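Shown below, as structure tokens, is a lone chain in the form predicted on its own; questions about how it binds or moves come after it.
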């Protein structure tokens, strides 16, 4: 897989630093980090599909929503233990992902994006009108069982989940399978010409993305303890996921992590200055400028900076 010693050092340092962080930061910062962890999970999920294969999805909240609503309904309405409801939610998300995948297999570009966006809007309307006694209708659901109490416990859980997803996906993308997925984004016809099944590869990417989205959505709702369809299927939520992946650097796994933390803290620091929706305009402008300056994302800026330091050290 082309792993070098510094890969182990960097990942080991990141993991150690993340778990030691609660010793030096406030509870407020930890809560912000929790949201950054979940955004990183969602951005990685988007990156596995869209960043790697080039099939841009505008309906990722659809997958996140399936996972969140499934476990919320099972635990809240039917008293199913959370250790059972979360795996069921992940399986349901993957099945729902197949429903999106089947009609979208033979289309790409703007058509694929529109199909995924249509599924997100469809789910948003369905949860409000069909069985509101189960879904909570337009008001959503509250009093959902939480997995942890306190900022530090929530931080450790979200960090462990995010790092598990990030490391496993990063290792996966280092394999020949990951290379084949990237090749689809470059030239799908060449992939078919080489004898590989692009349909199977796309199905794998979509199901893997759905798995991560469902897992993240299920844990996220059990952290919040509530669920609101207006917030979950909000266009700002969708764009935050996409911008985090693009700004950090697509098709890298590490890039969406960096982008998620950057976007989360940027929005948080803008809140006292611009408490309303105006801060989304400001963060969008900042993201656009950064993306224009370095289209490969923040991860490329970090890589370039490290190379310059190494050259300076050698000199």
Partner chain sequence: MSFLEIDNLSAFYGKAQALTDISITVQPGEIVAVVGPNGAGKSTLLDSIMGLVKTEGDIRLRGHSLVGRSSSEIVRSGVGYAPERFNLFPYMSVRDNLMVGAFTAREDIQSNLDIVHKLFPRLKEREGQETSTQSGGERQMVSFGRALMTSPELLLIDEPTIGLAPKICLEIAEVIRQLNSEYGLTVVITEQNANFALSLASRIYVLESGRMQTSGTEAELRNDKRLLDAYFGGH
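Residue numbers count along the first chain shown, from 1. Everything numeric here is computed off the predicted structure, so don't read it as measured data.
In what follows, reference is made to the form predicted together with its partner chain, a form of this protein that is not presented.
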query: Triple contact flag 187, 190 and 193 to its partner chain in the predicted complex, non-hydrogen atom at 4.5 angstroms; finding: yes
query: Contact stretch among 118 to 126, 77 to 85, 194 to 202, 218 to 226 - heavy atom within 4.5 Å of its partner chain in the predicted complex; finding: 194 to 202
query: In the predicted complex, the one of 180, 73, 92, 104 near its partner chain [non-hydrogen atom within 4.5 angstroms]; finding: 180
query: Touches its partner chain in the predicted complex: residue 149 (any heavy atom, 4.5 Å); finding: no
query: Residues in 288 to 303 with any heavy atom within 4.5 Å of its partner chain in the predicted complex; finding: 296
